[in-house]
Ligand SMILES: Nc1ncnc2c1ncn2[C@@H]1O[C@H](COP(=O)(O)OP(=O)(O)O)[C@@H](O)[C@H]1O
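Let's start with one chain on its own, the form predicted alone, as structure tokens.
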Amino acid sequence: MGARLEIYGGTDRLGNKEPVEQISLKAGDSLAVVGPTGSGKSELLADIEQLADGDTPSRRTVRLLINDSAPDARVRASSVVATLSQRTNFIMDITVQGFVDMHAASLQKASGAWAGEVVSLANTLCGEPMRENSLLQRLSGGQTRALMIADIALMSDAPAVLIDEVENAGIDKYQALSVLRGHGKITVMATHDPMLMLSSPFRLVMSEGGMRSLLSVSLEEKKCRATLSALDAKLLYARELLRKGGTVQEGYFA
């Protein structure tokens, strides 16, 4: 299935025309949406989530094309755009397997055939592993986000995925992005993480609610990415060490 996401600019909060007039993303592409808090990142994600048609405050138009054709008008936006917000909570008193089976049934997929695969993939993303018989309401925030990413990657037919600050999810952020890309998803993520910004080939800079500039990762930035990656690896190692009761020593970050 060849999918393409097209975003056409509208206006910023001051009523000015957005400098970025069009963005086009194909299957497997990822776009980092960057900017300070309040710059309009979440508003852009909301426009994409509802496939805006000039009917939102930004006046943007969003098209999701499958094999160069727009989905039938009766197809709900939620079936072609999957969303992973910062806050994901379950209220159902059910096991992980029960949830996955229920979702599979709603997608007209074979129940009982997915739980093991989804849980196995989810456990590559989070720290403490979950089990098929784990209760949804007992999962941690990181486990919940890992479960939803695995569910979207493996079971959802939605070609586009929106993620709001995956770096705050308590999961392996690089693996999460790799999993979604590897399953051909168009991934749009709002992030404050410099490594995630540089891990995407494109980044969209937001300001005053408008799309200011669309940048591609330069060769110089790719060189800097290696240095930042080494620093990030040290921080992640220290985090895991401290979380497991260990201690860090002077000179470790030298």
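Note that residue numbering follows the sequence shown and begins at 1. Remember, predicted model here, so these are calculated numbers, not experimental data.
Keep in mind the form predicted together with the named molecule is missing from the figure; the text below concerns it.
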_At 4.5 Å by heavy atoms, is each residue in Asp12, Gly38 and Arg60 next to the named molecule in the predicted complex?_
yes
_Interface residue in the predicted complex among Glu43, Glu49, Glu221, Asp193, criterion: non-hydrogen atom within 4.5 angstroms of the named molecule_ = Glu43
*29-37, 62-70, 225-233, 193-201: which one contacts the named molecule in the predicted complex at 4.5 Å, heavy atom to heavy atom?*
29-37
*Across 206-221, which residues bring a heavy atom to within 4.5 Å of the named molecule in the predicted complex?*
Gly209
